[in-house]
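Before any questions on binding or motion, here is one chain by itself as structure tokens, the form predicted alone.
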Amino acid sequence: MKCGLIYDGCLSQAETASVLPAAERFAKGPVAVIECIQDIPCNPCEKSCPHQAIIIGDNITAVPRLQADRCVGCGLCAAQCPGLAIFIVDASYSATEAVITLPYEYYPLPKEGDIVMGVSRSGAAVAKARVLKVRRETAAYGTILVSITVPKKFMHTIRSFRALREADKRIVCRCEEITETEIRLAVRQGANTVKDVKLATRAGMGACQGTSCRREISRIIAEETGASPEEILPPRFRMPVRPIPLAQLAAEEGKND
């Protein structure tokens, strides 16, 4: 089955891999990812870079090439790219999170600190993200840039974001605070039993051991997969538990002495 930019309107996994800088460069700090793979007459990115990190050359239809060792991740190229095809990725932000700076042309603008839903190139929900910075000043060069923090494992998957919807906010597993969207994402990624969802999201691992959420998880799996609820294997049933203070255990131990 054919896939990729000319078939789906967004880069395939192979096309994405072809434009990524080396992993060693990502570890050093913010760097541009130029997701432009078509021969089109365009070169604002080359002219905008103050460090000559982007090369197109005399042939204006050539695909831009990034000199990653020269790139400092300033974002000027991303603001001036008319195709919105350049993103700044900072994998050094923390041990678990990366920062993606992306062009954003929608209103209303998000606010710093907002929790949003990070989406893929095709617009599919991927994971929650936090708005770190909104750079309105870059509109003078082309468009506004927004920086979001995302789970590091999704730094090459998330390329935009949207406001949270009701499903993103609705808690299914109250013990572990797992939302409906998180469960649906897990199912779409292959978790087709209650146990699979539990392992992928921790839904059902809380104090009630799934007593309050396993039926709802089964319903969501049925909706996403087309299977009937009876076909979905239930998790191993465990009695609900509650924490016992150490002081109470010590008191019981004292009674036995």
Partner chain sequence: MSELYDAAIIGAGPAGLRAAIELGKRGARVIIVDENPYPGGQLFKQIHKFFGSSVHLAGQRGFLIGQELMDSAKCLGVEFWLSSAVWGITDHTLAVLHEKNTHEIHAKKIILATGATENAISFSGSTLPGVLGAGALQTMVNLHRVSPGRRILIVGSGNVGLIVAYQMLQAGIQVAAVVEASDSIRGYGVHAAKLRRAGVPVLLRTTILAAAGRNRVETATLAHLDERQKLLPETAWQENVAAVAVAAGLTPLAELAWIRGCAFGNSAALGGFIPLHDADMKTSVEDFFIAGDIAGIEEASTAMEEGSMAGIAAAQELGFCSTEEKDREKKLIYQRLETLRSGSFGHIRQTEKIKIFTKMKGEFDEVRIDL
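Residue numbers count along the first chain shown, from 1. None of these values were measured; they are calculated from a predicted model.
The discussion below concerns the form predicted in complex with its partner chain, not included here.
Asks: Heavy atoms within 4.5 Å of its partner chain in the predicted complex: which of the stretches 166 to 174, 99 to 107, 127 to 135, 67 to 75 has them?
Replies: It is 99 to 107 that comes within 4.5 Å of the partner.
Asks: Out of V146, I88, C81, I178, which one falls within 4.5 Å of its partner chain in the predicted complex, going by heavy atoms?
Replies: Looking at the other structure, the residue within range turns out to be C81.
Asks: Answer for G113 alone: is it within 4.5 Å of its partner chain in the predicted complex, judged on heavy atom distances?
Replies: G113: no contact with its partner chain in the predicted complex.
Asks: Can you work out whether S92 and its partner chain are in contact in the predicted complex, taking contact to mean some heavy atom pair no more than 4.5 Å apart?
Replies: Residue-level check for S92: no, no contact with its partner chain.
Asks: So in the predicted complex, does P50 come within 4.5 Å of its partner chain, heavy atom to heavy atom?
Replies: Output for P50 is no: heavy atoms all beyond 4.5 Å of its partner chain.
Asks: Is there a non-hydrogen atom of C42 within 4.5 angstroms of a non-hydrogen atom of its partner chain in the predicted complex?
Replies: Within the cut-off, so yes.
Asks: Within 123 to 138, which residues come within 4.5 Å of its partner chain in the predicted complex, counting heavy atoms only?
Replies: Only a single residue, G123, comes within 4.5 Å of the partner.
Asks: Based on a C-alpha change of 3 angstroms or more, tell me if E137 and Q80 lie closer or farther in the predicted complex than in the shown form.
Replies: Closer is correct, given that in the predicted complex the C-alpha spacing of E137 to Q80 is reduced by at least 3 Å.
Asks: Where do D39 and G142 end up in the predicted complex, Cα atoms closer or farther than shown, with a change of 3 Å or more?
Replies: Compared with this form, D39 and G142 lie farther apart in the predicted complex.
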